[in-house]
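Below you'll find only one chain, the form predicted on its own, shown as structure tokens.
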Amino acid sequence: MKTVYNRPKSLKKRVFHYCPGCGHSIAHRLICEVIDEMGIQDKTVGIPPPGCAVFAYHYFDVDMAESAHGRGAAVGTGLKRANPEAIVFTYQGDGDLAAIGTAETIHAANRGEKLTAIFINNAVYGMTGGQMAPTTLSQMVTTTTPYGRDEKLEGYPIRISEMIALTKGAVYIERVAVNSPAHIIKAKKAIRKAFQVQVDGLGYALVEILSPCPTNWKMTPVESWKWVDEVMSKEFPLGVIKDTTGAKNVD
């Protein structure tokens, strides 16, 4: 029996360059499925990050605009204000959004910019060799914390979504994962809602995605998927962090 692969129209017919078990490819497809289902391909603009997803424009068949490291929210603000009818989303990693881009992100959220942020949290700097990120867990081994992250030296992992949720302009913040079919279904619903928030002009929306990084975690794909449930989600609990929209997730 032949398996039929229904590729979303807004996902280009190219082979992903991501490592086996990485969550980026899943996140890309979910975003494209949502764009197709909402019928917004012709007016969507994506902003990819420096990092593993820097070549996202090879995969998304929508307009794309590169930004400097951490400046996705600033570039997104300019694009959205210049063309309010556009649907603008940033696609950012933990080093991008939670480190060098913290200021731009928090202030964009506080202003209530009509943006959708997709935040990939894999607890390391993926592309540059697996160094410690702001989201690296306590005692987690990375190339720059070979004996484990020491809170007395490197501080604690940052729950950036909870920080952003404190701003008045942020109306919808949810943390999801892409390490199991059940989690993937919930992740798509969250992404759909985050885009709908922008369509409705309600304010800033962010979906944080816990994404496996088997290569830098030194695990097999299956081990990394289990680690998200057994360890990572204990530090970064899944679920809705803030929702002032008054609407339920779209099925």
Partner chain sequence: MSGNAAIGEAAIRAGCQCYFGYPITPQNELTEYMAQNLSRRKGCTFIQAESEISAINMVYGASVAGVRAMTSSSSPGISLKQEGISYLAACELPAVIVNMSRGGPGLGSISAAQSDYYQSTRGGGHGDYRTIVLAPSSVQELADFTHRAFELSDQYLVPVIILGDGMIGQMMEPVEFKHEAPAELPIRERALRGAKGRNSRIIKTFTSNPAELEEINWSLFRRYQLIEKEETTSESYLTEDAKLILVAFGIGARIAKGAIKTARANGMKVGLFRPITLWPFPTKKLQELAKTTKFFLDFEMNMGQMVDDVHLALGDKANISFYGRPGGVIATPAEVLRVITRLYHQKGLDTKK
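Model, not experiment: these values are computed from the prediction. Numbering follows the first chain given and starts at 1.
One more form of this protein should be noted, the form predicted together with its partner chain, which is absent from this view; the next part is about it.
Across the proposed site, Gln41, Ile87 and Arg111 without exception lack any heavy atom within 4.5 Å of its partner chain in the predicted bound form. The closest heavy atom approach of Ile100 to its partner chain in the predicted bound form falls within 4.5 Å. Looking at Tyr172, you'd find every heavy atom of it more than 4.5 angstroms from its partner chain in the predicted bound form. Contact check for Ala82: every heavy atom lies farther than 4.5 Å from its partner chain in the predicted bound form. Of the heavy atoms in Gly93, none are within 4.5 Å of its partner chain in the predicted bound form. Exactly one listed residue, out of His58, Lys226, Lys186, His69, brings a non-hydrogen atom to within 4.5 Å of its partner chain in the predicted bound form: His69. Note on the partner interface in the predicted bound form: the residue among Val54, Met219, Leu202, Ala65 having a heavy atom within 4.5 angstroms of its partner chain is Val54. Here the chain stands by itself, but in the predicted bound form one stretch of 176 to 184, 73 to 81, 122 to 130, 160 to 168, 122 to 130, has heavy atoms within 4.5 Å of its partner chain. Along 130 to 151, residues Gln131, Met132, Thr143, Thr144, Pro146, Tyr147, Gly148, Asp150 each place a heavy atom within 4.5 Å of its partner chain in the predicted bound form.
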